[in-house]
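Below you will find one chain, with nothing else, as structure tokens; this is the form predicted alone, and questions on how it binds or moves follow later.
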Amino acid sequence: MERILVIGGARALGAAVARRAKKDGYDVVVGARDLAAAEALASEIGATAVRIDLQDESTIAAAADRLKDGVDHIVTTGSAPHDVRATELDRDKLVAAFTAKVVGPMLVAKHFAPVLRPTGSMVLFSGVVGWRPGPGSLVKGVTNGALEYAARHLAADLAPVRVNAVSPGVVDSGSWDRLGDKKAALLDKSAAGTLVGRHGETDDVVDTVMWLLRAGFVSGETIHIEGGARHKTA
């Protein structure tokens, strides 16, 4: 049975990946900064929980040591949004955003490289904002864009382990529920900004992640899951 570690696996898209992976017969390890949340989901689906905080390298090293008998796949969905204009940047929050999206996954590669089986893979999470510049999305855009290059270079560095990234658009994964009544308007606007006329669903992303785990001839790529939003001109 192949083992998959899902970092950020206690909520939203990470939790959806963990659930699907368990359903598909993987040995699932839910990694999260909030160990209690990871343990709750792990208990529910019959998985294992481990604490991983992408802002704290020691937790990554400890998790790799705990899983030293081998991991086949790693999916990392971590983020630390800092959605402000350039004049409002906070250095600590800026560093945290880059650590969660870029530095953290690179440190995961550092510590898990000896643990990852050569037929395995890593899947990183980027996002459409990397290709759609706009006011207030500076940090999210740059960090998401950097993930494309991280996937390329990690793929070369870790070969034959495959490394790819997925770049979702606006997805109704539960993370927008906090907007309350404004959620529907956001999803409608997102749908209008695509070529396919709808917003994303959780399964759109999860299906792609699960395909990448099995796509043995794909490495160093970024797969865009946003209904052609990058190509919508009006």
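Every value quoted in this text rests on a predicted model; they were computed, and no experiment measured them. Residues carry their position along the shown sequence, with the first being 1.
The next section is about a form of this same protein that is not shown, the form predicted in complex with a small molecule.
The small molecule is not shown here, but in the predicted bound form it comes within 4.5 Å of a heavy atom of A12. The shortest heavy atom separation between G127 and the small molecule in the predicted bound form is within 4.5 Å. Using a 4.5 angstroms limit between non-hydrogen atoms, V170 touches the small molecule in the predicted bound form.
Heavy atoms of S79 reach within 4.5 Å of the small molecule in the predicted bound form, making it an interface residue. This chain lacks the partner; the member of K183, R198, R66, R33 within 4.5 angstroms of the small molecule in the predicted bound form by a non-hydrogen atom is R33.
Partner contact region in the predicted bound form: 162-170, out of 66-74, 22-30, 40-48, 162-170, criterion any non-hydrogen atom within 4.5 Å of the small molecule.
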